[in-house]
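Below you will find one chain, with nothing else, as structure tokens; this is the form predicted alone, and questions on how it binds or moves follow later.
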């Protein structure tokens, strides 16, 4: 075993040549040369300092959702965030980046805290949810985050909510890089029974509106902001009296899934990748779909939506 492998093993559990199909919810992608699971923040920092110092290419992997890996694989180190500690201190919840978002939500509900029940329906880890400012049921991560501990440019920093520069499905970590280590949420005291009811409603909504039975990676595209320009475009192509069009203008977002449906793309296939007939913003892996299949289908969807609506879809998923 070479020196790199020997050193990586000192930071956590090391696996060699693991297929991304086994690491992601999409079940697509070739082999990752190294997969390193690290279960403590201290070891994570040490590993990142070592890899940066040696100039070794690496990427972070949370729950493996909301991403598309390449068919040719990845000739670097995939770091799995396996630190999952969750602490509740008064109205504050402190979670390691590897903690499942749904588990953080359940712990907050159990503690009788209000505001994060929506997270029970969000797949993946809290670190991944923060990086992409995940949201559901009208709420987003930015609504509850008070601070984030992260490894940025060789230093461990504590960033405020404002410094995270949250936007729609966006945070500063998408542009400046950095590795999220810990997330702190500040919530309000609430009725535990009422919060549990909200959590169950979130799960019910997710189960009713999202496809089941095949591998997917969640929503492929972002919903579109209703700017003045986009509003004019929307009204040019669709009936202003349509209830859904009126609703989109009211809430300031146009549903990507609805646009895909209007463009007639539900059920369309490329290879073994298929647009869900339940929710237009989901692409399903019908069995051994490739990354190329998905990329081609994404381009076809974008072209069809632009032709039908004049609006341009932007990917929400992380493409490795």
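What you are looking at is a predicted structure, and each value in this text was computed from that prediction instead of being measured. Residue numbers count along the first chain shown, from 1.
What comes next is about the form predicted in complex with a small molecule, which does not appear here.
Novice: Within 4.5 Å, heavy atoms only, one stretch in 230 to 238, 210 to 218, 154 to 162, 244 to 252 touches the small molecule in the model of the complex. Which?
Specialist: Going by heavy atoms within 4.5 Å, the stretch is 210 to 218.
Novice: Quick one: of 61, 36, 28, 263, which gets a non-hydrogen atom within 4.5 angstroms of the small molecule in the model of the complex?
Specialist: The residue in contact is 61.
Novice: Considering 77, 226, 88, 179, which brings a non-hydrogen atom within 4.5 Å of the small molecule in the model of the complex?
Specialist: For this set of options, the contacting one is 179.
Novice: Just checking whether residue 66 would be counted as a contact of the small molecule in the model of the complex - the rule being heavy atoms within 4.5 angstroms.
Specialist: Yes, residue 66 is a contact residue.
Novice: Verify the contact flag for residue 108: yes if a non-hydrogen atom of it lies within 4.5 Å of a non-hydrogen atom of the small molecule in the model of the complex, no if not.
Specialist: Although the small molecule is absent here, residue 108 would stay clear of it in the model of the complex, with no heavy atoms inside 4.5 Å.
Novice: Answer for residue 145 alone: is it within 4.5 Å of the small molecule in the model of the complex, judged on heavy atom distances?
Specialist: Although the small molecule is absent here, residue 145 would stay clear of it in the model of the complex, with no heavy atoms inside 4.5 Å.
Novice: Just to confirm, residue 95 within 4.5 Å of the small molecule in the model of the complex by heavy atoms?
Specialist: Result no; residue 95 lies far from the small molecule in the model of the complex.
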